[in-house]
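Quick heads-up: the structure tokens below are two forms of one chain, split into structure 1 and structure 2.
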Structure 1
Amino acid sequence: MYIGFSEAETFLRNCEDAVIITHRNPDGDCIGAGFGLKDILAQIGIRSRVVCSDEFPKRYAFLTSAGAGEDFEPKTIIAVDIADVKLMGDYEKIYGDKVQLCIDHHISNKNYAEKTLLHGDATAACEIIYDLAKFMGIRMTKHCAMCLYTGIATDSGCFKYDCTTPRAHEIAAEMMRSYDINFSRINRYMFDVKSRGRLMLESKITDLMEEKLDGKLVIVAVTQAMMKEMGVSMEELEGFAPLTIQLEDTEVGILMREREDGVFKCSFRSAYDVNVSEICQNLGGGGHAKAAGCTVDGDLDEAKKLLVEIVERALA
């Protein structure tokens, strides 16, 4: 059931001992939304704990270092920035059918929760968390402001992606003006600081680019062997997807990253009018019209063939 801010406020003010679930392979938006909501609940005297099936990347330690929360038997289950229970990883079996409130901005949301606060036009889930806090009349902490700024900045590609709304700029300005967050350090850490291995891999991206469908599709595949050779992890490759649509004639770009279990995590980007969320939904994933993702099993060549075929249909 879809709800508005009023119903969401009523739910949150009356909940107890909440577990806040973030999606596997956590990024800045789900981490920012999870820990930001945790701070907001603390302001109204409600205990909560942020959980994820994967470890939070080290570069987000400035948001997560205070701890995910107390250990308790949960009475309330909340999901943030999760469009589908499949994205919960190990927590799908534990909480997948028990989510009472989902706060999300993905148009592909499966409406799996009892209540869903969905704003598909929001730049990030953190934008919704901010508006919810304002609606509830809650004064945010500086830490919460850093969480929400980080989520909006990362999901907007430092405010350059098509999904960036005027509202996102307004919220970022409010975080800078009223909470004196160190936005320049956050952005440097999110977008500029890289490991030596990542820099080495970036230099090889051009060589790894495969042009398909007369250049309309570009695929970059990074295997576990490549990652080990360069000394990089899956999390360090988060910012590579936009590079796949840098060539002038490219309409769709795909970054394939091989997980340790051999499954390929595929990040899609659209340069123009192709709705990659619809493509990914056909493969069990989802996301936004210009940025979406899914996973593909099987041999690398077979996986590439499948991706080429489904993108070709979309272009047609």
Structure 2
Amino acid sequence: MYIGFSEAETFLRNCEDAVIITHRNPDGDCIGAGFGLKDILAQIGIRSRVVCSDEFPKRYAFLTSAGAGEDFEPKTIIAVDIADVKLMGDYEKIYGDKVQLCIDHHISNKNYAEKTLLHGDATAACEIIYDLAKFMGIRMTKHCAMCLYTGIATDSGCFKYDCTTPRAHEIAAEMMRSYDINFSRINRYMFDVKSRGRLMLESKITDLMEEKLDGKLVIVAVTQAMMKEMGVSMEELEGFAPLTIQLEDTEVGILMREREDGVFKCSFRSAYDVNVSEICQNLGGGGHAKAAGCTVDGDLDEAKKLLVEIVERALA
């Protein structure tokens, strides 16, 4: 059942001992939404715990170090920024069919929860949670504001991408005026700071760029063998997909990373008008119009051939 702010408020004010599930491969938006909601619940006297099937990356320690919450037997199951129970990882089995409230901004949300607060046009789940807190009349903590700013900034590429709403800008302005968050330091950590290793990897990714379809498609394929040679893991190659659409004429970029089982995890990016979410849905994946993903079996050349064909059709 889809609900609005009023029902979401009633739910939250009446819940107890909540577990807040974030998605696997956690990013700024689900971490910000999870820890931000935890703060909001704490302010209305409700204890909660943020869980994730994967570890929270170290770069989000400025949000997560406050603690994910004590251990308790949950009475309330909440999911944030999760469009599909499959994205819960290990928590799918435990809580997948027990989610009472889902707060999400993915238009592809599978409506798996008892109640879903879905704003498909919001920049980030954090945008919805900010407006919900405001609706509830809660003056959030500075930590909460930092969480929610981080989610909005990371999902919008620092207000750069199409998915950025006017509301996202208004919220940023309100947060800067009311909570004195050190947004430039957050942005430096989220967007500008790199390890020497990452800088080197970016150069390598650039070297691996293959232009197809007159440059309209760029594919970067990284095999297990290449990862071993470069001394990097799948996880360390997270976040490199945007590099595939750096050249002016590129319409679609794909970063292919070979998993240990030989399956290629493909991260799609669209520079302009191609809806890569549709492409990925046809391949059993999903996501947003400009950023989506799927997996492809088979050997590298065949996988590439398939991807070139399917993008060629989408461009036609």
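Residue 1 is the first residue of structure 1, and the numbers go on in sequence order from there. By rigid core we mean the largest C-alpha set that fits within 1.5 Å across both forms. Treat the numbers as computed from the prediction; the structure is a model and nothing was measured.
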| Which of the two structures shown, 1 or 2, corresponds to the form predicted on its own? | 1
| task | Check, for the two-part rigid motion between the two structures, if residue 139 and residue 58 are grouped in the same part. | result | yes
| request: Mind giving me the turn angle of the little rigid part against the big one between the two structures, whole degrees please? | output: 13
| remark: Core-superposed CA shift of residue 227 between the two structures, in Å, is 4.3
